[in-house]
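The chain that follows stands alone, in the form predicted on its own, written as structure tokens.
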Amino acid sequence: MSRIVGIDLGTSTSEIAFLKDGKPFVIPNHLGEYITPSVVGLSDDGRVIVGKEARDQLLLKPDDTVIEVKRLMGMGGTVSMGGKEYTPQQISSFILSYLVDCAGKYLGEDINRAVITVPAYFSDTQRRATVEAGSLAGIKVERIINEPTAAALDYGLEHMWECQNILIYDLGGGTLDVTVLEMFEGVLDVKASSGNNQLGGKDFDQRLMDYLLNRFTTQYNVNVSEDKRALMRLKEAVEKCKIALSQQEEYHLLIPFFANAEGNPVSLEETVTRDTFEGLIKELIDSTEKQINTAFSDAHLNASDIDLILLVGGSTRIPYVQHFIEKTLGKAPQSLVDPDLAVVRGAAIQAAILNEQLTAEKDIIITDVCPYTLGISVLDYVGGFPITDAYDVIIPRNVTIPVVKEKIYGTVADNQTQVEINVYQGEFKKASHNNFLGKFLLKDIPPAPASQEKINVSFAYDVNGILQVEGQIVSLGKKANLIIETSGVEMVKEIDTEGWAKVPNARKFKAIIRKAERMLENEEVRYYALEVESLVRKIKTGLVQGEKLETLDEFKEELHEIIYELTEETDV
């Protein structure tokens, strides 16, 4: 069997490593660099190029170059490169192939097996997409490991016999993970993870880009929003500015000949202070307190229980991130691991465990959790009234994996001969508001009165964070399995509605929302619970996203009618 290596497939950069002389070693790429930009492009002669070579052509050939593809994994759709469409998995496979080729040449052997890291909050579909990318690259993905868990492994290997609760705050180029774990006697026991798959350093870049573009447009009355080359030049300059402001108080940004104004070339020139930059991104970083609180709640711990805070990911170098963590948790974070390389080093340790270079008996043991709630849609009854599209949880979030859970359900109609099992992933009580993973039919149920025939639904969530679902007719023992397509499933984007009350037009809807929420809290909505919760969510989401007032008024009217009917019933 060939050697298993560890790979960090990141939004901005990617790395590959293995265990050497008992310690993780990051393998240099063909240029002798340990960090490879996660950029893919097509050269002038049509070759696929990866890393620095692809990044260097980004300004000149933006249509032939793809960046930040990790954020699109498992989302469906394609990206364009050189006039041809590629799936995100295909683009990722080019990065994986490059890394494996570098490792193979360095080690003098063929590499076709790997441990690949993913954000802890990656969905089942995103994890499957990662496995598919590995397969397209000719790699057997032996294990998917969560990035914060990998970083903890990197720290834990040198501190195995310490006993402490650790919080890992992992803020990279495109994703955020907050993980709480306990370390004791060589065991890393993950308690809970929370995160945001659409928040990272790239979002900070965009805030600064928007700020500079607005100032440039105001000064010269020129709109460059459709000029790809200009935007790429700005993006590159902004990244340099962001990095510099982590070390200095201000940065002079100059892009000569940025655009034409009234027939003359003009430059974009600004002095950006650290205070200005932090003011632009403060709201985004502060919003991560929600994920921290969720992780604490699920782990049944408080900030005072945490002995050590580890920062992982390049974006944690931003001074405001460190200040925010210390202010929020009342404890200074520690820089005890390399924020850029801790994840791939941890992946190498996991690979070494699978290679049997490290053992659970002598070295280190890890446990991990399922970060999402998993369940199915069912017909439920409230007060004797049927409610369709209810979400019944089978595997709660942050259960230790691997895990197998099952539930028994009854048929809902007389002489029912088949049942459709729809599988979802998410936290909403209304099933269809969650991410739909797949469905299958269980046929040939013996005709019988409603609820007499029983269906056993089993969920198995493995160490790679991949779900297998099985349905069984209890009386016959007949089974059917869920097959989830790894591409083409569009994930529901999670919208943060926490600040809905501060957006324009919110005042018009506050009274009805507050009343609905009170009724939900006091369980006064009975069989309308799912509909009331759904309408409240639609109004809040619409406000945050700038939905038309006519649409929001329709939701408000629906909600008002339900509340009026419930009030009338109570009066009677």
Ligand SMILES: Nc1ncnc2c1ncn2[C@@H]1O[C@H](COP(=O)(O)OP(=O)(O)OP(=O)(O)O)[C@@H](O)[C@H]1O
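Model, not experiment: these values are computed from the prediction. Residue positions are given as counts along the sequence shown, with the first one as 1.
Separately, the form predicted in complex with the named molecule exists; it is not shown, and the next lines address it.
- Only one segment in the set 96-104, 195-203, 364-372, 400-408 has any non-hydrogen atom within 4.5 angstroms of the named molecule in the predicted complex, and it is 195-203.
- Interface residue among Gly313, Gly465, Gly74, Gly134 relative to the named molecule in the predicted complex, by the heavy atom within 4.5 Å criterion: Gly313.
- Checked against the named molecule in the predicted complex, the residues Ile387, Val393, Ala460, Ile243 give one hit for a heavy atom within 4.5 Å, which is Ile243.
- With a 4.5 Å cutoff on heavy atoms, Arg317 counts as touching the named molecule in the predicted complex.
- In the predicted complex, at least one heavy atom of Thr175 sits within 4.5 Å of a heavy atom of the named molecule.
- Of the heavy atoms in Glu427, none are within 4.5 Å of the named molecule in the predicted complex.
- Put simply, Asp305 is far from the named molecule in the predicted complex: not one heavy atom of it is within 4.5 Å.
- Residue Lys70 is the only one in 42-76 with at least one heavy atom within 4.5 Å of the named molecule in the predicted complex.
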